[in-house]
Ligand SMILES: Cc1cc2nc3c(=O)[nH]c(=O)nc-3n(C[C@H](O)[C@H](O)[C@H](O)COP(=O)(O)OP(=O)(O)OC[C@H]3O[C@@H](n4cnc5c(N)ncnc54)[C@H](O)[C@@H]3O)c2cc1C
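Below you'll find only one chain, the form predicted alone, shown as structure tokens.
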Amino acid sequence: MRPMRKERFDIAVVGGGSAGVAAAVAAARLGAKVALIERYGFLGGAATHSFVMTYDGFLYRGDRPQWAVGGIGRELLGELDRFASKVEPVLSPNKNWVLPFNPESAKAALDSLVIRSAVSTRLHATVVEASVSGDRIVSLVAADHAGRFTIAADAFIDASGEGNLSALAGVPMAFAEEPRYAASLCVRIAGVPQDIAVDRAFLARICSAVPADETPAILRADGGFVLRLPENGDLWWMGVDILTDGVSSASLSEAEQKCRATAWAFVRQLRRVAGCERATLAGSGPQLGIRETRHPQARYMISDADALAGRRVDTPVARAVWPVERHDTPGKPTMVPIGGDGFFDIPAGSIRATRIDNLWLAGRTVGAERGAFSSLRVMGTGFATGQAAGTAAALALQGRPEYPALRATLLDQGAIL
């Protein structure tokens, strides 16, 4: 048996989505030696592996675009301009601002960002074990095609979305018995001429005409969400929902297969529309879009009441502006705007795991009740909480764990607090 490979870093970040990239870059820019571990062959998280082609949560809801997220997230948007057409805010039918982008551009832009920041990226690697001593993670074990290898570090950040590192380290999970929000399949549809107006009413008519025995997943009765992609005029469509536990291969396999069958049934019906005879499902991501799985217990759990009231706190590390968007019933999402000034603060305690002193949380793992979580889970907020987690971890290793140092550093980095 070959000896296990061993690596040593100051900080190890698990998950290469929006939150993980921002955490790794923020920590590295403060002088930490950082490893970023991602199971796919590219970065971006749901933006790239699930074809979620809009960055949400960057801008306040309202009649004109106003930024709520700055720092590394805004830097990434500027980086995208080097690879594709300029990323511009678009007002969605539900009056929220979204930022459409090309996932292939995002892969390249994220690569550029981490390489420039001297982050050591470990793609094609899946974390499978965590070694804990007392109240600290000592190291983790990851697996790639060459076998298993260990990464030791002084601090760790769980940006996995599914709370994988937290679960391996024994962090208790909140709401473990609750049903999870529905997942969605996002697809790119080609062959629909640009002179055909495609809106929700158009899509709803198509959905209603698809035979029920051809839809093992749920087609949204309102047609779902659609955008014309700026670079080629293809449609980006999110209109297929399904329930899954989001973590087990059995549940995910069934969900993926049912969603693909349903999406193709929709496309076959679309081809019956005059002018759309050449419509085709031109692409989907390597995996289904998962909204919710595990909820690691944080030192502060943002309540649903905090979110709905737009609560301010004394120790903010980021702002959440996306509505409370619940997906309790497949095909029937609900949205409730944030109260107060249109945002709620994410406190410093919500990015610290319980029981484990050297584990920070970012993105979908941030501590929150399920309603508040349904707002902060989006990618714009993920960049902001990731930057906060990476900064906090790096400052702690420098002997500067106090909130005033974190706040001053985040503001210096362009974060909006």
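The first residue of the sequence shown is number 1, and the count goes up from there. Treat the numbers as computed from the prediction; the structure is a model and nothing was measured.
Omitted here: the form predicted together with the named molecule. The next part is about that form.
Asker: Out of Val34, Val378, Ala368, Ala353, which one falls within 4.5 Å of the named molecule in the model of the complex, going by heavy atoms?
Answerer: Of Val34, Val378, Ala368, Ala353, the residue with a heavy atom within 4.5 Å of the named molecule in the model of the complex is Val378.
Asker: Choose from 118 to 126, 69 to 77, 277 to 285, 299 to 307 the stretch whose residues reach within 4.5 Å of the named molecule in the model of the complex, heavy atoms counted.
Answerer: It is 118 to 126 that comes within 4.5 Å of the partner.
Asker: Is it the case in the model of the complex that Ala19, Val52 and Tyr55 each bring at least one heavy atom within 4.5 Å of the named molecule?
Answerer: Looking in the model of the complex, the three residues Ala19, Val52 and Tyr55 all sit within 4.5 Å of the named molecule (heavy atoms).
Asker: Just checking whether Arg29 would be counted as a contact of the named molecule in the model of the complex - the rule being heavy atoms within 4.5 angstroms.
Answerer: Outside the cut-off, so no.
Asker: Would you check, heavy atoms only and a 4.5 Å threshold, whether Ala46 touches the named molecule in the model of the complex?
Answerer: It does: once the named molecule is placed as it appears in the model of the complex, Ala46 has a heavy atom within 4.5 Å of it.
Asker: Check whether Arg326 has any heavy atom within 4.5 Å of a heavy atom of the named molecule in the model of the complex, and answer yes or no.
Answerer: Heavy-atom contact with the named molecule at 4.5 Å: absent for Arg326.
Asker: Please run the contact check for Val14 against the named molecule in the model of the complex: heavy atoms, 4.5 angstroms, yes or no?
Answerer: Heavy-atom contact with the named molecule at 4.5 Å: present for Val14.
Asker: May I ask you to list the residues of 26 to 41 that have any heavy atom within 4.5 angstroms of the named molecule in the model of the complex, in sequence order?
Answerer: If the 4.5 Å heavy-atom criterion is applied to the named molecule in the model of the complex, 26 to 41 yields Ile37, Glu38, Arg39, Tyr40.
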